[in-house]
Ligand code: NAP
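Shown here is one chain on its own, the form predicted alone, set out as structure tokens.
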């Protein structure tokens, strides 16, 4: 199958690596000629160009641009595509994207691979990035079944775990487990950097180990992506942040009042709840 990838960063590049290994012919498009050349050199694409018309040969196109560029990119792309081309995206927010694109292209299905690293760009592309990770599709009742089936088959080839839900439910769910952690992690780093005693700050930076590494990882990721998450999933993220602030206030209250029994009870609750989210 000829598969187009528009946007050759971490996700687009990793898609290219995996789908080429499955025998697909990958057509890559990027804004920079240097990225196109690196995509071919790294094995992420068979052909690559800054010219979007290259994707006219694709049977399926993945739009892997930043969230704010997905809709404008689709508007440019559709002038070059046959009407039966299936188009999907990888944006981490779905409602505004699906609402904008569905009226423009019948064979569109929203998608979101729940995978990534703190790195970005074509050089960050790695094989098997999506394996055993959730991959969410958000079809509408009007989405053609054949289009859904085609994208499902590709997701299974990636070794990902497939889920379906509405765009609205997707955005509410990811606000809790993706967008909120990004903001919390960034705030953790900022809070540590607010230490005014230079000696203490330097010691903290030297002592930081696995616990800090785990909780700060996403805070050290791509700032542009986190801004886009906040901008396009604003209300759901605000709701999650407000609830998180409430939980922090509760912890502060328990510690201020030295209510160690209640604090332990709360920590036992979260200890038992964590396996419901991660193995």
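It should be emphasised that the depicted structure is a prediction, and the values quoted were computed from it without experimental measurement. Numbering follows the first chain given and starts at 1.
What comes next is about the form predicted in complex with this ligand, which is not displayed.
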(request) Just give me the single entry in 98, 90, 158, 183 that has a non-hydrogen atom within 4.5 angstroms of this ligand in the predicted bound form. (result) 90
(message) Please identify the residue among 60, 254, 67, 236 with any heavy atom within 4.5 Å of this ligand in the predicted bound form.
(response) 67
(message) Quick check for you: of 98-106, 147-155, 191-199, 119-127, which stretch puts a non-hydrogen atom within 4.5 Å of this ligand in the predicted bound form?
(response) 119-127
(request) Could you confirm whether residue 225 comes within 4.5 Å of this ligand in the predicted bound form, counting heavy atoms only? (result) yes
(request) Find out whether any non-hydrogen atom of residue 74 is located within 4.5 angstroms of this ligand in the predicted bound form, and reply yes or no. (result) no
(request) Give a yes or no for residue 115: in the predicted bound form, does one of its heavy atoms lie within 4.5 Å of a heavy atom belonging to this ligand? (result) yes
(request) Considering only heavy atoms, tell me if residue 7 and this ligand come within 4.5 Å of each other in the predicted bound form. (result) yes
